[in-house]
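Here we start with a single chain on its own, the form predicted alone, put down as structure tokens.
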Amino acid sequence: MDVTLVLQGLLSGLLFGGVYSLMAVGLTLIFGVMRVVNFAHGDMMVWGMYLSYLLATRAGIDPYLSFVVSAAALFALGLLVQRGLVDRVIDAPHEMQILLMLGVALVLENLALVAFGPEPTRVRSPLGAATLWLGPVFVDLARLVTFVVAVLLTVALSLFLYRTDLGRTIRAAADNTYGALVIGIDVRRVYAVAFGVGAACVGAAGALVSSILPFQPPTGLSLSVTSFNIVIIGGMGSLLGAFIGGLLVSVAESLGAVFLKPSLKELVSFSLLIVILLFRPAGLFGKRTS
């Protein structure tokens, strides 16, 4: 095995891991606060990609600038879904919540299919063909910028949750919903904001990756599966776990493509999931329940 090829796979996987981490952070935030499993997460990310595509083709805005618009639009969509749908079944059995979010996922996928068609799409960016050589390996500048922006957004989310009053109320509602109600916190507002922020994270991730990977409406399913894989590895509800899990899964898939073949890369990441759950059933940073 060529050592240079392994190093290149490791570097590419690490850089792409920033996007994986950002989309998983959004999913784990929603679950950690509301205990709702968002099966529409990947389809929301696809809409972030298509919004970036529209802004690039109609307004000439680079996806590395339009991710702000995609994040804002998905935040609004998240608020709408939470207030209009999720809030009505928040106290219902989990199977009802799951069916609801599966329905939302199907609606988003089919709306994208009607609006944009079934053909794979990719957003063109000047960074797409730019590279930087570091000895025998090269750095894809698109992946590097994506990684840096994704890390900065994840850090900003962490600061929001731990350094702002609204962020503290979100964490309080996540830790003890009844206690939050007793001290006067508007839990419905907290849930809406948390769902919106989680959707904004995946919207930004979608825009950032739109120039790297081709996408189409059914792509949402594989993105949702990958997000769940990452969140389970890191520990449900843990932001740090989601971040580390995203890097691990991305590196595992990249090295799997090197040692096996690209079509089998997910075999490595899901094997990693099985191994971790054998020794850490709650995930790497998840809390054990008695």
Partner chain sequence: MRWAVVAALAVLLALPAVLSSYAVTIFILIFFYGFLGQAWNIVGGYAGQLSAGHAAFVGVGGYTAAMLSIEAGLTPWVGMFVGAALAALLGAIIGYLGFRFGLRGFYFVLLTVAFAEICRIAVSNIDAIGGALGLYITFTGDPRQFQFRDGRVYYYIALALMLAATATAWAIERQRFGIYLAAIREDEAAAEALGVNALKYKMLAMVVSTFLTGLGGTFYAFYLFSLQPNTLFGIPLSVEIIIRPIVGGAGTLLGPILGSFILTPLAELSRLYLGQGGLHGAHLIAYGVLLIGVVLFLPEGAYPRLRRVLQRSRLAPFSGHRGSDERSHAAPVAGHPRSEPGDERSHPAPVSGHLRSEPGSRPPPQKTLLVVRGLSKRFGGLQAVAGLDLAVEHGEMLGLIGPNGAGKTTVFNLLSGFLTPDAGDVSFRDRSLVGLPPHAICRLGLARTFQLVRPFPRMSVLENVRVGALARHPHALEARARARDVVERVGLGAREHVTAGTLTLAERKRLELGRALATEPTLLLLDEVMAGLNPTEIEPIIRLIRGIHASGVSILLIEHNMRAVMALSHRIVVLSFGEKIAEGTPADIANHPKVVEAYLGDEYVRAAPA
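We call the rigid core the largest set of C-alpha positions that still match within 1.5 Å between the two forms. Worth saying up front: this structure is predicted, and the values here are computed from it rather than measured. Positions refer to the first chain, counted from 1.
The protein also exists as the form predicted together with the partner chain; that form is not presented, and the subsequent description refers to it.
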Going by heavy atom distances of 4.5 angstroms or less, which of M96, A76, V148, L159 would be at the interface with the partner chain in the model of the complex?
M96
Listed residue (A72, L80, L102, L152) with a non-hydrogen atom within 4.5 angstroms of the partner chain in the model of the complex
L102
How about F31: is it within 4.5 Å of the partner chain in the model of the complex, going by heavy atoms?
yes
Can you tell me if L85 lies within 4.5 angstroms of the partner chain in the model of the complex, counting non-hydrogen atoms only?
yes
Considering only heavy atoms, tell me if I61 and the partner chain come within 4.5 Å of each other in the model of the complex.
no
Any non-hydrogen atom of L54 within 4.5 angstroms of the partner chain in the model of the complex:
no
All three of L111, L221 and F228 touching the partner chain in the model of the complex at 4.5 Å, heavy atom to heavy atom?
yes
Within 4.5 Å of the partner chain in the model of the complex, counting any non-hydrogen atom, which residues from 252-270 show up?
K261, S263, L264, E266, L267, F270
After fitting the rigid core, is the C-alpha of L11 off by 2 Å or more between this form and the one not shown?
no
